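The chain below stands alone and is given as C-alpha cells, in the form predicted alone.
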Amino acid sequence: MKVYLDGRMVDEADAKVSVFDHGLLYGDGVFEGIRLYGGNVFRLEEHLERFEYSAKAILLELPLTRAEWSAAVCETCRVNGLTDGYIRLVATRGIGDLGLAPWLCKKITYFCIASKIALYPPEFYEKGLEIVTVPTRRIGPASLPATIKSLNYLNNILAKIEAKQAGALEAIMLNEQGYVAEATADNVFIVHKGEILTPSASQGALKGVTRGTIIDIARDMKVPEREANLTRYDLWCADECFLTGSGAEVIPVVKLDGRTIGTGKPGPVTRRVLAEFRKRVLVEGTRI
C-alpha cells in the first residue's frame, strides 16, 4: 500500500511520523474519514470544507489548497487500485519539543491513507444493533466544540470500551446536561410519530457529512425533520432509531439499554433512508 505523506507517495513501511510530532504527543491535529464508492469519493468537497474549518478553529494553517487536497485524495485511491474503500486525511501540528507550545512546531505533518473498512458485519444492517448508554459523557462545547474533528478521541475510546464491556458494539453518549449527544463514532437519529429527529451540535453532536446527507434525504422524501434535545427516554420510546457515519453509513438500532425500540426490527423510514443513501453515494462526490 502507498501512503501520501508530506507531499509524496511512500510505501506503507516508510510512512512514519516522528515521536516528537505533536499529533502523537498531544493529539494536536485534525482529520477526516471519507468513503469511496465505485470510484466516487462521496461528498469530498463537504469533507474538505470541514477539514479546513477544523484546522482554522485550532489555528492550524494547512499547507495545501482545497484543489490540492482533492487531488491528493484521488491520487492516493488510484495508486492503491481502490474503487471502494475508506480514506483517512490527517494534518498535525508537526514536530516540536516536549512542551505544549504549538508555535515551536515549524512544519505541519500531513498524510492521506486509502484502504478498506468494515465497521459492522452485514447482518446488523438487516437485523439492527442492540446498544447501551455509557457513563462517559461527551466533552462539552465550552471545552472542545464537537464541530472540530480533532485527533482528541480518548473520550470516545473510553465510551467504546464501556460498550464492549457491556457486550455491545456501539454506545450512546450523553452530554453533561443528560441529553443525547451522539454515539462513540456516529450521529444519532430517531423517528417518532412520522418525524425524524437528531441532536444538534450545541448538544455535542458532530456535524457529520453523512448526517447532512440524511437530512437532505428526509427533505426530499417529504418526511419532517428537525434538531431536538433528546433524552434516553426519547430513544427508548422512539418508533425507529438509526446511527449514521462515514464508516457506519446508516445502521438501524433495535434495542437500547435493554428496551426494544419500536417493533424490534429496522423500521420502514430507516429502510427507505438507507436505500436512498446507497443510491446517492455513487453519484454525489468526486470521481477519482
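One rule holds for the numbers: they count along the sequence shown, beginning at 1. Predicted, not measured: the structure shown is a model, and the values here were computed from it.
If you look for the form predicted together with a small molecule, you will not find it shown, but the lines that follow are about it.
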{"property": "Partner-proximal stretch of 111-119, 90-98, 72-80, 125-133 relative to the small molecule in the predicted complex, 4.5 angstroms, heavy atom", "result": "111-119"}
{"property": "Distance check, residue 208 to the small molecule in the predicted complex, heavy atom within 4.5 Å", "result": "yes"}
{"property": "Residue 247, heavy atom within 4.5 angstroms of the small molecule in the predicted complex", "result": "yes"}
{"property": "Contact flag, residue 43 vs the small molecule in the predicted complex, heavy atom cut 4.5 Å", "result": "no"}
{"property": "Residue 187 within 4.5 Å of the small molecule in the predicted complex, heavy atoms", "result": "yes"}
